[in-house]
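One chain is shown next in structure tokens, namely the form predicted on its own.
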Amino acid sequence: MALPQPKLDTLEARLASLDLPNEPGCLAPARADALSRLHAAGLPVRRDEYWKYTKPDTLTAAEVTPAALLGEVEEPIFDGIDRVRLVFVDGVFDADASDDPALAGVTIERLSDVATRDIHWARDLYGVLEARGQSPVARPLAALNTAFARDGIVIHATGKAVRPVSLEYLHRSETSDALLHHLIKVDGGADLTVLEDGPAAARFTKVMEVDVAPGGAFHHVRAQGRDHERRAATHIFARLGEAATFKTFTLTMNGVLTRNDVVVELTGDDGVAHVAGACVGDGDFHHDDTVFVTHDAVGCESRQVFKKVLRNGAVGVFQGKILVKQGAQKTDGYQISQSLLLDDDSQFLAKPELEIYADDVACSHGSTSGAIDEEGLFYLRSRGVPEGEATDLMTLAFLAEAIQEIEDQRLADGILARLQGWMARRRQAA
């Protein structure tokens, strides 16, 4: 079927602004397949079902909307953690600013190096989970990334990583347009933690494909923030084997437009997948979490926990689905999305979904939106806590359920500290 003319025009203009990698290596077939899927689907428009709450124009336009740079006003959020730093500047790996990858105790390579080889395990993963994640919901920005991304990190964990791998994204150009694609393979019994932090670029399109073998564990904590005028569309595609664990948490502060897609497949019995996020938005802030978890095995557990704090006209979106396939008995699926609206101008738009084809399951979902608890606020103020600080304390209490999804307490403490700093700066500026 031919694309509608507006979609076709947008796609042609965007493709004309990019250079297709032409290396003949092991990733070339996946790139060609992704480009074919992109031509068939077109780029997203507001009429698309899963984009009706979020305007994608600035993510799909040929020209990048400039994003002002913010000085180094704070240390990287994970500075207190013994980690291996891998630094990207406007989407390009900076080896001089990075640590020795060997210090992590896992195999780490650069995507641009892997792409030129004829044989590499990445051939069996690159674009594979992304392609699987295109059904039943098309995710064309991810296909665009698979076709065109030149840089990224390729990680193979064969045992427990000695240190977390920390990806730091620096933003140096007001018109940078970064595409990064990361591949992560976690073998059976292996354990890996990946951290992400930084504004990355004026426009950032990222895909992370994570394959966790039976008995493996993958933990992921990221912080999106700082440069407010940035725009980002990120995607995580994960596949879990038997008794595998996948846990991801995202903190978002600032950002004119952020869209985070997470697609998880539980393909082996007794798998565990937790997807959580907390965001605080002020003013021209639009934040969209879109999650799709598929249970395709027996006895698996999934949790989706999202909390958003919005004020001064900020907009939060949550679209979350749990799909339980036939035969996926004893599924335990939990989904909660909540917003705290600190004024009458902000909005929270939610679309929670359950689709169940098995009869021995325990699945629940809920979504609420409300103002701050006046009784609790009065209690704190009556004991001498200033109104601004009292509001911040209640905000942190609201976000606590999502932050508790982080297993490593040191990482959770860092997230809390960053939130407290953000709130304090907003209070002083008011």
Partner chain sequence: MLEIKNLHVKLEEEDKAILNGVNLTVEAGAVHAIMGPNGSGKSTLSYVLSGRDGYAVTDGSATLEGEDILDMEPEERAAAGLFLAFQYPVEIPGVGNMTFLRTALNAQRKARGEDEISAGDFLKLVREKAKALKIDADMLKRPVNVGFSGGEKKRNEILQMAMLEPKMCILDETDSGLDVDAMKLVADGVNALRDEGRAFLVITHYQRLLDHIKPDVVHILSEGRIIKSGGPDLALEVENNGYEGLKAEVA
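Positions refer to the first chain, counted from 1. This one's a predicted model, so the numbers in the text were calculated from it and none came from an experiment.
Note that the form predicted together with the partner chain isn't included here; everything after this is about it.
Practice problem: Identify which of Pro29, Pro386, Gly370, Pro66 has a heavy atom within 4.5 Å of the partner chain in the predicted complex; exactly one of them does. | Solution: Of the candidates Pro29, Pro386, Gly370, Pro66, Pro386 is the one lying within 4.5 Å of the partner chain in the predicted complex.
Quiz prompt | Option touching the partner chain, based on a heavy atom within 4.5 Å in the predicted complex, out of Val361, Leu380, Ala41, Ala61 | solution = Checked against the cut-off, the match is Leu380.
Self-check item: Partner-proximal stretch of 45-53, 30-38, 362-370, 390-398 relative to the partner chain in the predicted complex, 4.5 angstroms, heavy atom
Solution: Going by heavy atoms within 4.5 Å, the stretch is 390-398.
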